[in-house]
Ligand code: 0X9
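In the form predicted on its own, a lone chain appears below as structure tokens.
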Amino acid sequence: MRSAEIVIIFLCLPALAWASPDPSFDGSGKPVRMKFPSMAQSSSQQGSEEDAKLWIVAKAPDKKARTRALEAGLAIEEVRGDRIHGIASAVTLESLEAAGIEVESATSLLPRMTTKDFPADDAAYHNVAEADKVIRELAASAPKLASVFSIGNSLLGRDILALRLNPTARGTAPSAKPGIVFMATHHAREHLSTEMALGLAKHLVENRAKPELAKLLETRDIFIIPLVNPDGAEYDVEGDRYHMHRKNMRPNGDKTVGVDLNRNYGYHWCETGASSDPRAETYCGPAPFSEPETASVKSFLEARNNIKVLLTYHTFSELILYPWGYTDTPISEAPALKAYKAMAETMAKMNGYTPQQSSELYTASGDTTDWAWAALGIYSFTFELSPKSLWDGGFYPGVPAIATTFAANLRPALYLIGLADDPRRASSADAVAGEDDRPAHANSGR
């Protein structure tokens, strides 16, 4: 790829600034404006090649082209007509060219921070220590209901904490009650997913005496894991800037860092929509479950055959996704597919998101939900939370997004908890919500 063919724009933004990128980014020919999180930037500072994330717009007229782009290392975040929009490092440009993907523009995403944590305006978000504290305090406030344990350790030795809500079984003790697990933050920069998990935990504990919740809490085994990737999440807000980091913190031996944890699961690992190049945003790792984070999730789920439902929160795009992701072919078991579709469509009426099979936009292998369904028969969903677009806030949508996103997604979470005893009954008439369940405000980083 000749350098003259790519427009690379470096954004030097003062605090609370707006950027007006190339109109081609929108795909509609109309100018768009991107709102970055509050920041104070020093233009004299230089980032390393590893950190030099680019927002890339490229032509990809069909699903096959989009999948090739993933395999070249682009993390696709938006699809608009025959254009894809996503994040990659500068070295990925050559891989995209080799894959026959025409890149139209590439914009630097290096908003630099003066703080060593979330910026002041985003202080309501929780770093790893704060999130762990919230989980432990919730458990301490409801000792007859809640307990905390570690499902394993991250690469750097951090505990991956789970909050368990079950009045008859604590910690790792077995239970025959129908189980459900909520997970968040496989991808480091998706901090809003952490807040969704914490918000759900807080809501269930603080409202445990209310009749509508008391029965659920008495009859279910609920697990909430807010930070699958604590190392990456901590790194993303460290230093003097947001890092736009997606992966974990695995040193790859070639001066790059990280494995995409949502490409590291063992079902059809690294076959499609993933990259074997450590420089890629979609790097699948050296082997299935090579990372302690995914290996911990695997061990946790394999040890609990009472878990029937799994929901993993990601951002952004406002989607409800279900298997398969690795192939266009639908799930072969007709009753299960009917239940999946019923659940997805019902939850979409509640939060206004778009329900679809994960592979509808592109195929991607090695993700959480494909493995959990194939290996363990767990009904598994991915929620791509708000906002819809990078230009609406993307991975850093600001503090107001915490409350609005939680409000939109609480009912879907409670709905899944209720169905954990028998997800297949979702397709029966009494389990499907009506049109009046759609919120008035209803408006892919997989």
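From a predicted model like this one, the values you see are computed outputs, not experimental measurements. Heads up: residue numbers just count along the shown sequence, starting at 1.
Below, we turn to the form predicted together with the named molecule, even though it does not appear here.
- Only one segment in the set 169-177, 200-208, 358-366, 130-138 has residues whose heavy atoms sit within 4.5 Å of the named molecule in the predicted complex; it is 358-366.
- Ile76 belongs to the set of residues with a heavy atom inside 4.5 Å of the named molecule in the predicted complex.
- Taking the partner from elsewhere, Gly325 is found to have a heavy atom lying within 4.5 Å of the named molecule in the predicted complex.
- In the predicted complex, the named molecule sits beyond 4.5 Å of every heavy atom of Asn248.
- Interface residue remark: Asn262 is counted as part of the site for the named molecule in the predicted complex, having a heavy atom within 4.5 Å.
- With the partner omitted here, the residue from Leu96, Met196, Leu321, Ala280 that has a non-hydrogen atom within 4.5 angstroms of the named molecule in the predicted complex is Leu321.
- Listed residues Asp231, Glu291, Glu190, Glu71 were compared with the named molecule in the predicted complex; Glu190 is the one with a heavy atom within 4.5 Å.
- Contact residues in stretch 368-393 (any heavy atom within 4.5 Å of the named molecule, taken in the predicted complex) are limited to Glu384.
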